[in-house]
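Okay, here we've got a single chain as structure tokens, the form predicted alone, with questions on binding and movement later.
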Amino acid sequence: MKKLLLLGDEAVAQGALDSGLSGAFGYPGTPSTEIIEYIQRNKAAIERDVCRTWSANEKTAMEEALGMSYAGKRTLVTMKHVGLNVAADAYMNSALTGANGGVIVAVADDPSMHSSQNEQDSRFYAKFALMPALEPSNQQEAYDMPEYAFQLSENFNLPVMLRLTTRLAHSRAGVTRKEVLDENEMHLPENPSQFMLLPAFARKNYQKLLSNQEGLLQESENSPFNQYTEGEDKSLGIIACGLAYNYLMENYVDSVCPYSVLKIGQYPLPRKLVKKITAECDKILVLEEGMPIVEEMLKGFLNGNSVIKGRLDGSLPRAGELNPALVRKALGMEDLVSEKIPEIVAGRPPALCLGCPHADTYKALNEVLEPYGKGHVFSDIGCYTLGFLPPYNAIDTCVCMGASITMAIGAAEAGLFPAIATIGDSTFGHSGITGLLDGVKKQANIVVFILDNDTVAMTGMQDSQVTGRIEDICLGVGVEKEHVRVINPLSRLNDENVKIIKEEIDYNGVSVIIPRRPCIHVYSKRKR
């Protein structure tokens, strides 16, 4: 099929497949999940036996991708923006190891925090690592960029970041496909010490990384994804990054803007093009989805000689997503009057599904903890985080993946009793195991609930890495066998479950309680 209707995520996946992809690695996280899901069900990927299984977390995914690159194959690793924090150790060091086969790090940022804990901008990581980054403005570019990124990666022997944001990742548009390329033949690095980061080698690799910067800048200056369009009105110049370019053009009939526009789709920032637009225009408006990284860079290397407007001066909001209306306001155009939302349309807060096993777990836990008062339950990232909301009001914290167990340890060490952690089965496999190991080593007085619903429910029913292994893992890190308890979270078993929870709270040490019942949607699928 030459033309497809694809999500931005799917366009990245199809573009990578058509560019000789041999393996995709990642951990599910909205809004990036659909990239690997598309590859998993793609007929050509199945026929070619492209590696496409989920990894335990983003760090392991990044390292697996580096291993495939070491063998000379083209690889894609996917994650959301907070997942890049988890992968940062491997990602930052990959700037020094470089790549053999092409590596794309596809990161989906979530401005406005639709399903995330923060609004961080992954472009800062690319700048920090001194590695190139691409940012598509539409689904066609999301498809076209993987081929370009693989070639760029192999030319400079560096991984390349491909940064998406929520609206592009989860909206559809027509995409025209190109000729499908063959996969790379396996070949090991010509330099046998390329991936050896002993200090003596790392220092040499860092010098090479620094020497590559001028070449990466030249690539950016000549990139087809960085385009300067001269306008008739020089009172304002607009620098529009990625999806923000679409928001700009939606405000003009036939996409004809009267101002000069520099469209940015590749980093490092093309200095010659930036200096051209700033020299020709009286003021500069920077449109970028996420944080004001380009705006801050302009203020730095233009030495205050131009008036720069954007998120930092209040022309655009400091937080949240951009949209055409906000861009319109920043341009000084008349506001478009929107129809009011009818009163019949009411906001619906998120809630646990009817029949969710977590509801019965929280019911039993609340009953046990009633004499102790509030403030004893440290939770994690997953569906069960909704236990904070009424009618459960059962948990007290949610910071980052895996933090439930480790925060409970810290609180217990401070004297809090009881100290309870609730963590999902997938999150336990992602980053909870090491926390449990800490608890055993410190002999912490904590009770850990590993909520086993047999799937990665929140991101779309992906397989959990620890299914069928949780008890063995707990025993393997040193939890006493008699204090690894499995319960069935059902209302009719509430009294029995309450008794078990009380027993484990009374035990002075690490206890693990595993409420095990399939997610209601998993159960329904199996029943069908």
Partner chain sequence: MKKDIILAGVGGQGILSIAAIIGYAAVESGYYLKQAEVHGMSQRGGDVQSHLRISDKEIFSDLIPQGGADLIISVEPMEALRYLPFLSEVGWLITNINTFENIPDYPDKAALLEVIKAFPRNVALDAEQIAKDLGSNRMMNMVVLGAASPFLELNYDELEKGIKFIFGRKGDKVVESNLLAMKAGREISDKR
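Basically, rigid core = biggest C-alpha set you can superpose within 1.5 Å across the two forms. All figures in this text were calculated on a predicted structure; none of them were measured in a lab. Positions refer to the first chain, counted from 1.
Although it is not shown, the form predicted in complex with the partner chain is what the next lines describe.
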Exercise. Find the only residue in 203, 172, 283, 178 having a heavy atom within 4.5 Å of the partner chain in the model of the complex.
Key: 172
Exercise. Could you work out which of 250, 296, 367, 438 is the residue within 4.5 angstroms of the partner chain in the model of the complex, going by heavy atoms?
Key: 250
Quiz item: Taking the partner as it appears in the model of the complex, which of 332-340, 229-237, 420-428, 97-105 has residues with heavy atoms within 4.5 Å of the partner chain?
Solution: 332-340
Quiz item: in the model of the complex, do 167, 323 and 344 all reach within 4.5 Å of the partner chain through at least one heavy atom apiece?
Solution: yes
Quiz prompt | Contact label in the model of the complex: residue 276 to the partner chain, heavy atom within 4.5 Å | solution = no
Quiz item: Is there any non-hydrogen atom of residue 114 lying within 4.5 Å of the partner chain in the model of the complex?
Solution: yes
Quiz item: Taking the shortest heavy atom distance, is residue 461 within 4.5 Å of the partner chain in the model of the complex?
Solution: yes
Quiz item: Is residue 246 close enough to the partner chain in the model of the complex to count, meaning some heavy atom within 4.5 Å?
Solution: yes
Quiz item: Can you name the residues of 29-57 that have a heavy atom within 4.5 Å of the partner chain in the model of the complex?
Solution: 30, 34
Quiz item: Is there a C-alpha shift of 2 Å or more at residue 254 between the shown form and the other one once the rigid core is superposed?
Solution: yes
